[in-house]
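Take a look at this one chain, the form predicted alone, written out in structure tokens.
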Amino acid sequence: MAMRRGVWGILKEYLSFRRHSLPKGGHGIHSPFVYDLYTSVISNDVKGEAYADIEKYRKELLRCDIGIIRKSVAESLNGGFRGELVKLSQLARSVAVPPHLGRLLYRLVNHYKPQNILELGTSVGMSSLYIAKANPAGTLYTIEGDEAILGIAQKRFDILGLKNITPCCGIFDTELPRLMKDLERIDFVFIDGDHNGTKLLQYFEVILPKLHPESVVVVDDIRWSDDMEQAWSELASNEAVSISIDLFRCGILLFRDGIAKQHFNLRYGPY
């Protein structure tokens, strides 16, 4: 895993991003397709009842003093190791997606209504809940490398009665190719695991043959490290990608036919 950037490194990157990004509101976006996506889906961040039970779960975890023993099937996941005691409050605070990103995932999935959805990195299931609730008619295949943490997520899936989530416990290197053999196509992907640029590019190459012009790929923590940012740049430059959108924390890749290749730095949430 590449060295994570410190506070000053992130601040430096943020200042650079601000200089090269368009202001909120959609002004300066000359692509009608991207303008509509940004104004109607990405930046249309309205808090509502749809998120209430998910954020209630977050609050429960943040207040929880219970610790679990990691049962990682990989050598190291999310900075922790097999046999390590980790508190659920720590996972909710440092690993689970923040509310603004969860809502973005919800709106994207609700807008595109993907049938086959793939998530790399379940953790405690916060992002899984946002994705699965957004389109009950779709199926979310989510992979997590820690058996104990996946068990916590599965319990909440059951409590909320979400039947459209298929959890997979194992390392991405093994589970991802297995899933790709079983699925004819992938409509939506959320990558939030490993935080390793080389691995990110490898996973993308495995997924790519199953993507199609209507697919959407969201990559989290693209500025986690120099390694991750370089990998994101390579993904955005990939010839299969028609539109790449950098939202500072995460990035969105689109594969539309008939659209000239373009890249956008757009502001969303706290950025």
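Throughout, we count residues from 1 along the sequence that is shown. All of these numbers come straight from a predicted model, not from anything done at the bench.
Another form, the form predicted together with a small molecule, is not on view; read the next lines as being about it.
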Location of the small molecule contact in the predicted complex, chosen stretch of 109-117, 159-167, 180-188, 125-133 [non-hydrogen atom, 4.5 Å]: 125-133
Flag Gly197 as yes or no: does it have a non-hydrogen atom within 4.5 angstroms of any non-hydrogen atom of the small molecule in the predicted complex? no
Even though the partner isn't displayed, in the predicted complex is Ile171 close enough to the small molecule, meaning a heavy atom within 4.5 Å? yes
Give a yes/no on whether Leu88 approaches the small molecule to within 4.5 Å in the predicted complex, heavy atoms considered. no
Leu140 near the small molecule in the predicted complex, any heavy atom under 4.5 Å? no
